[in-house]
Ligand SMILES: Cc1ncc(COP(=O)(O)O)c(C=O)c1O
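Okay, here we've got a single chain as structure tokens, the form predicted on its own, with questions on binding and movement later.
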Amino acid sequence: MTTPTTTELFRDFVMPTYGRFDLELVRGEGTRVWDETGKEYLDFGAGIAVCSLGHCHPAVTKAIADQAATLIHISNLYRNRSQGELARRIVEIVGLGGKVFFCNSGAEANEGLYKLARKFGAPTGRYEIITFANSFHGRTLGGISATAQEKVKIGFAPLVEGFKHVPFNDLAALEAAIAPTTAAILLEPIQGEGGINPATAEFLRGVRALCDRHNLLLFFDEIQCGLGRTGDWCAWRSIVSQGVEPDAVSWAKGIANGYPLGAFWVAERDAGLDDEGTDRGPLCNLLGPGTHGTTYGGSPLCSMVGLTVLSTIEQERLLENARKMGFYLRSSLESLNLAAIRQVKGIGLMLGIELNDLPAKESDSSTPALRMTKELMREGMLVIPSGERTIRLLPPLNIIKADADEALSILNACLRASADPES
């Protein structure tokens, strides 16, 4: 009996829920990964903004090994010190008081926000959440209902009711959509899956003002853009430094460098009155015992890894590095003046290269983003497509100039060659 290849194992035993690239990765170190043939790749996808410290960072490896040898899991019926310490660190990062709930993924973190909005609005019959065109909020039934992209909804009707979609960065459309049933507004300060689209400072200020005027909750989905990727702990502060304070924020991806962990923070603001006119106390206490839970979230192991990642980002001054390297990459790409590039978007190390239409090739009639992703992969560089014409650069926050220069060299060569249909 012959040993099946990895491709054969996936074909025969793994559900086909992903459009996978023809690549089997076996090892990683820093900004590099290697496939089964030994070929090396410069990884500017980082697990889709997950590996903030790169692959196999020594501090993360040690934290996992040490904690695994001490205590991996206990029920959330009990307390564990590392969960409390991680919650305190996140509250300090936000700087607005409040409390944190831990889960396993970004989709789960957003599910907590949906429940918070409904709990908040229940006494007055409000339950609706407004989200924005080209958003992405996860693959659960609630997540695809919240996501304003029709392609993720196909085949899953009836969807969860209570979500309304309006154009992004359009305050007039948002104000017109607010109804007596509206409870909250949910947005990504920088849309990741939708093409690397940052909110404007004017928009964020306007959304906060509308929430204040109508007593709505303001939620930020920072699952992809948060915790250092933009050069700030909180991505919205890379857009507007003051005057905008959310009521809740969701995170995942880069929080634990690949170990499954999600979280959402909730502010201390007053939650209002219940059905009987009794003060419900602070919003961060609204989801009380029996209203929300998880089996694995906030375990000793994942909490210790999260603490290690956040402390390493701080110790290695990676916020500053993300700003510096992000500026260098963006300005260098813009200075290339390539016909293939429509624009470079994003903040820090969350960058998108929006492509013009590329000359057709008989061998590949896919979208510009997918085609360029595959061409870069052939040249030894991994990026992530976003929509039909944007490729994302999401490298580890600790990249050095040599990594950036190598990436720019590969991008320059591939983008120039893409203008020639015979290349």
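These numbers were taken from a predicted model, which means no experiment stands behind them. For every residue, the number given is its place in the sequence shown, counted from 1.
The form predicted together with the named molecule is left out here; the points below concern that form.
Exactly one of the stretches 283-291, 177-185, 206-214, 129-137 approaches the named molecule in the model of the complex with heavy atoms within 4.5 Å, and it is 129-137. Contact annotation for the candidate site: E193, I223 and K253 all lie close to the named molecule in the model of the complex (heavy atom within 4.5 Å). Contact annotation: of the candidates T230, T308, N257, N110, the single residue with a non-hydrogen atom within 4.5 angstroms of the named molecule in the model of the complex is N110. G106 is the sole member of P198, G106, G352, G348 with a non-hydrogen atom lying within 4.5 angstroms of the named molecule in the model of the complex.
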